[in-house]
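This document opens with one chain alone, in structure tokens, the form predicted alone.
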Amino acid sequence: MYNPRFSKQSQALHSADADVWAVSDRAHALANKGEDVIFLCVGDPNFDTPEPILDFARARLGVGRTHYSPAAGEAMLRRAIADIESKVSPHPCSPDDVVVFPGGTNAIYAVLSCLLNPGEQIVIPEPMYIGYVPITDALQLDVRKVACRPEKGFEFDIESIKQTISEETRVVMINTPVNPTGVMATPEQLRDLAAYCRERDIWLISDEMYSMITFARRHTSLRTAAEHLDNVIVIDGLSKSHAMSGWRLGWAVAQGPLVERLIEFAGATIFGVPQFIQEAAAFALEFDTYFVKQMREAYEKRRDLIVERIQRIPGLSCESPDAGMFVMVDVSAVAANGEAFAEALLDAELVSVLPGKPFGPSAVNHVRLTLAADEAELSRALDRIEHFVLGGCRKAV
């Protein structure tokens, strides 16, 4: 009998947080059997891509924009991204500073692949985006996590990040606004951290995928806040802000030799992103003001609905996030942890939420609720959550 053998990287991807989506997978299995499951677990916008973007993509398909693309990306899109960066930052941005990838996650994988060897150290605050785990595991990185404490609203702790940095640290990676907490780093924090990392010859990556979904105040990019950019990389994309998650379009903005390395990596691994998708993305960035505003306002209303309802349920609590597509709910008063709560809620009320543990130890007593559902669906889910808690949800031991 043939005994298949696989690479260490493949094995790491296979085993990395295999139980992250266990509750969600079970919810889908129930839904497939006809059960009335409400899904509040995934951050995929429930809006359709705006029609003008679809029309533009169709037009570009119609004129044959279906061939190979330059590894760095199409000039039209790189220029549009550079123009946006230049408008919000005191540092001019050139199209030559931009490299296009099929999604923000792929951009992160490419950047870390170009910066780190197996066994080298990266520092990441947590709670953090779940997608970082399989990437860092596959690349066999030494990940040092920095806790952002729930009792302080999960706010960034720059001093703790500095204290975690060691002589072995090669990269610090932050996420602002944060998935899952919606916390936003301040300009002062970003400027301080960028300078500290630069003094120690450490790369600083900022994942800014939720940069256009902010409520209380505008997002400040690391490129805007940092005094120098030679150690700075910014990752962004259109998945969330433009309801284009399935289009797979993201980018990295950097300077100097790293850009050349990223282009070489992209050329060797993805061989370019489809031309018509890139040109539709460029169009979206140029004519997006109305659509992004509409979606942002809808998310804000949904956020307020969830926060108001959760705060009325005895035993549950949450902070009102400044940005993003999620609300983190503290369930420690009614359950042993977020996983126990999520499992029991699905069994009792057919509502699927994401346990906080996979985001990091700081979120173990939380569950994440998405804003990617309309208000009627959210109200239905919140009615069930309230019924579950008031009807005898017992603290698991």
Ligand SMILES: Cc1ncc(COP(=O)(O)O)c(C=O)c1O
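Remember, predicted model here, so these are calculated numbers, not experimental data. Sequential numbering from 1, following the sequence displayed.
Just so you know, the form predicted in complex with the ligand exists too; it's not on screen, but the next bit is about it.
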The single option of Y299, W203, Y132, F154 touching the ligand in the predicted bound form, heavy atom within 4.5 Å: Y132
The ligand: the contacting residue among T214, Q255, T136, T105 in the predicted bound form [heavy atom, 4.5 Å]: T105
Stretch in contact, per heavy atom within 4.5 angstroms of the ligand in the predicted bound form, of 175-183, 192-200, 159-167, 282-290: 175-183
S239 within 4.5 Å of the ligand in the predicted bound form, heavy atoms: yes
The ligand contact at V327 in the predicted bound form, heavy atom, 4.5 Å: no
is_contact(V273, the ligand) in the predicted bound form, heavy atom dist at most 4.5 Å: no
Partner contact for R248 in the predicted bound form: the ligand, 4.5 angstroms, heavy atom: yes
Residues of stretch 191-220 in contact with the ligand in the predicted bound form (4.5 Å, non-hydrogen atom): D207, M209, Y210
